[in-house]
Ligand SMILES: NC(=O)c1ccc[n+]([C@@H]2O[C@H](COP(=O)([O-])OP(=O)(O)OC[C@H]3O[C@@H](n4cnc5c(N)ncnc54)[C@H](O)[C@@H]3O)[C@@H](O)[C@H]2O)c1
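To begin, one chain is listed below as structure tokens, in the form predicted alone.
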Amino acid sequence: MTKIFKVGLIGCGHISETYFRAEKYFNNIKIIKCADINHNNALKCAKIYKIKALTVQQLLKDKEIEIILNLTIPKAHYKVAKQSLLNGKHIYSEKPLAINFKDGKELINLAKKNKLYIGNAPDTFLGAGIQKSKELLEKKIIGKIILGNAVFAFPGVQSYHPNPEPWFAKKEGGPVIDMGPYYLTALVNLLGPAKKVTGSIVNGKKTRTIGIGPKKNKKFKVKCPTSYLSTITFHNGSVIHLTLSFDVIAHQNNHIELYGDKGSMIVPDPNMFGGSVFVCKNLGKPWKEYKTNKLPLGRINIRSQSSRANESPTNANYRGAGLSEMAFSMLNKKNNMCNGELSLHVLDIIKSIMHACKSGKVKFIKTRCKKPKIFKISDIKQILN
């Protein structure tokens, strides 16, 4: 019989709904208590999901809780994760690991010292779309990857988030911290660790208007750069141009395209779990589609709009897979896939991109991580209901 790990949620905001939904899909996690710096939010969450609301300190000290699920805003990730580890709790956090490298490294060292697991979103690279891309690349279907493009560009989170100000704050704001983890984790998963970055920044509108919720039509100031254009060189020799922007109304670029010496590949959205992979091996020939909609973590599981206004009416969204896979790894005493080493390397790339783009200088990545292994379907099936 599968062990169900008891999870305590800290941060009852916009994303929490998605993690409660994950309990439908995964067989080894159960959120039983919640807390929020605003206790009214915790009470509301507890009422909706029929769990118990505690203060943050009560939850951290609660002996029944085995894993803390940290869904706080980015600047609070480090503090909550550190307190969780100091209280003997395994920790799984939303992205990023921390908003500066020093804090992220401290968390990894603290987890090792206390022999606790640390996991970190994004877990979308565990989905069928990125995993199928990885499988095809490892079969050398397009040969050695020489270069590629990755693009995330839209008008900004203010259009769909009722409290978007943190995404435009001075230290924790901007598209690299917000969306960079999805693209960078997917690229590291596909290509291995990064070596160096260069780039430049573009500043968009200095004020934004909230488009949803009780503060709708309220204007607020932008305190960070809102577009980053960077070039990343990986240790395997691949060079990827990455655009991350909150200033683009619309575009028709693919999320990720990889160009090898034997062909080209279109990789599906790294912010989702499914999507088809497309491969072209000869000039002028049609692209071959590799569907993932019948694979575990690729099947469409959302067919109507949720309360998260930016979520597509139909897609494969299995957020929580990383938390479930960590629980599985804990039980089987093996390294989890969304592990601290990977998360720290991605954080290192994030901070290096921001530094290189602002300074105009080459920034070498300090850390390296092991290239993640393929998430085997046999392992996926062990955590699915």
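Throughout, we count residues from 1 along the sequence that is shown. Because the structure is predicted, anything quoted here is derived from the model rather than measured.
We do not show the form predicted in complex with the ligand, though everything after this point is about it.
With respect to the ligand in the model of the complex, the three residues Ile10, Ala76 and Val80 uniformly fall within 4.5 angstroms at the level of their nearest heavy atom.
The partner is absent here; in the model of the complex, the one residue of Ser230, Ser227, Ser238, Thr72 having a heavy atom within 4.5 Å of the ligand is Thr72. Taking Met337, Cys357, Val56, Ile67 one by one, only a single residue has any non-hydrogen atom within 4.5 Å of the ligand in the model of the complex, and it is Val56. Of the stretches 196 to 204, 147 to 155, 92 to 100, 111 to 119, only 92 to 100 has residues with a heavy atom within 4.5 Å of the ligand in the model of the complex. Although the partner is absent here, Ile377 sits far enough away that none of its heavy atoms falls within 4.5 Å of the ligand in the model of the complex. Though the partner is left out of this view, Asn27 does not reach within 4.5 Å of the ligand in the model of the complex, counting heavy atoms only.
Contact check for Val362: every heavy atom lies farther than 4.5 Å from the ligand in the model of the complex. The ligand in the model of the complex is not approached by Lys134, whose heavy atoms all lie more than 4.5 angstroms from it. Along 179 to 218, one residue reaches a heavy atom to within 4.5 Å of the ligand in the model of the complex: Tyr182.
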